[in-house]
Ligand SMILES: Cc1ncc(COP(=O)(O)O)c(C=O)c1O
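Next comes just one chain, in structure tokens: the form predicted on its own.
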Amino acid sequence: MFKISISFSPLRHNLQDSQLRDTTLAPEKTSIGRRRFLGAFAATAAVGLPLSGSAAVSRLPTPPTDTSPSALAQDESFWSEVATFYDRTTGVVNLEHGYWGKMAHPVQDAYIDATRMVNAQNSFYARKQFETDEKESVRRVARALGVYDDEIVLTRNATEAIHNLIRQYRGLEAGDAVLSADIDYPHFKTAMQWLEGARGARSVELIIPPRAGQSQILALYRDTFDNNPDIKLMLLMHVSNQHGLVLPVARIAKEARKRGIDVICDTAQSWGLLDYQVPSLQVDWAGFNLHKWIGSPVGVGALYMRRGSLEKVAPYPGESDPEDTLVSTRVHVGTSNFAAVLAVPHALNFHEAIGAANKEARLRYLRQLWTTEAESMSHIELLGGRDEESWSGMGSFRLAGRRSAEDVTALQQRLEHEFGVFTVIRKGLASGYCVRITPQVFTTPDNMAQLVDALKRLA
């Protein structure tokens, strides 16, 4: 018998030992393709299954143990090593990594192996083994987020998770209000506004200044709550996809809870960009992407629903959960990308090998390399945080006084075609359009210097 025994660190909830399982595979019932894939899994998850075929032990980045994240952020030798795990975009400096995260080589290899295995084994694998393997991926996600396994269900993306929370929320009556902010993801804002016609709710929008700090943001939310006592549901962004602004989610959620306001937290951009676990956010519900900063294949997200909070969100139409205990009934994914789900543990292995705090520090450092310079340029309007606690590794800018769609489109085109820097336009802010700058862990200071040179020459 091949025995896979995986060791995990304890969750914050002190899960019972019975929840940690061993999986046993009979060799006569295990295909060559599946043995090869599980061999790759064994290599990166430190388990003892023999490798076969093309599978091989994958090396992982090894940060020095005696260096702080802030010091490591400027250790170019280490980050040059990290960069060797990625294929680079050719022909341009790509500073648009907020769309989805590039897979590191070990993740890509595992995904390709899994794709081959699933394609070969087809429904025999999907109907007999996938459910067990999916539970392993769920368990890894739950461990990384610091929550119970049964508080997590995998989705195709954060959009699916958050749209379902909005659509299936049970707590609204005609005349109640719902709250979103201009910095929220545009499609989530329109979903909140949809509740007006569908449920008779009044839609309230909070405008956040283009530059804002933690105390200012908290005060704006508190004033909005006080001025709109009929708010029952709110959308709360953790990190804005527009300009990387970090919101004081736990403090805002605390104020909301005092007033009986339910919070849907949009963490689509934050997990892996920031170093945190879900309990620190103090929210009941959140939607995540694993294919952004965690680096899984495209097509994997997660929905978190705290135990005891499910009664306020109806099951997906046609699903049944009379006792309101099954987070899995709040979505209906259908046939998913099996191989992408199987690659999730590999993505988390790589993410955790670098270290979440180290990643956050490096991305902040790369962002500072251009925002510090941009602060002194009178022709550049910088958007995002006003204090460092409100910044992430992402940021945005536009030319001063040039905030229309036409202006910013022209700016994005100039950056790409004149200066060889690829960026993306963001819309939805009350103050106008902007260009977002999003480095990744393999981005170099020279790449950021090229951006800074372009900013200077835009004058």
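All figures in this text were calculated on a predicted structure; none of them were measured in a lab. Counting begins at 1, following the sequence as shown.
Form predicted in complex with the named molecule: not shown, discussed below.
**Student:** With the cut-off set at 4.5 Å between non-hydrogen atoms, does residue 157 touch the named molecule in the predicted bound form?
**Tutor:** Residue 157: yes, in contact with the named molecule in the predicted bound form.
**Student:** Within 4.5 Å, heavy atoms only: does residue 239 come near the named molecule in the predicted bound form?
**Tutor:** Close contact exists here: in the predicted bound form, residue 239 approaches the named molecule to within 4.5 Å, heavy atoms only.
**Student:** Is residue 271 one of the residues lying within 4.5 Å of the named molecule in the predicted bound form, judged by heavy atom distances?
**Tutor:** Looking in the predicted bound form, residue contacts with the named molecule do not include residue 271, since no heavy atom lies within 4.5 Å.
**Student:** Is it the case that residue 98, even though its partner is missing from this view, gets within 4.5 Å of the named molecule in the predicted bound form, heavy atoms only?
**Tutor:** Within the cut-off, so yes.
**Student:** Looking at heavy atoms inside 4.5 Å, which stretch does the named molecule contact in the predicted bound form, given the options 385-393, 263-271, 123-131, 247-255?
**Tutor:** Looking at the other structure, the answer is 263-271.
**Student:** Which residue, 285, 350, 111, 188, has a heavy atom that falls within 4.5 Å of the named molecule in the predicted bound form?
**Tutor:** Only one listed residue qualifies here, and that residue is 188.
**Student:** To verify the annotation, which of these, 180, 137, 289, 358, has a non-hydrogen atom within 4.5 Å of the named molecule in the predicted bound form?
**Tutor:** Exactly one listed residue reaches within 4.5 Å, namely 289.
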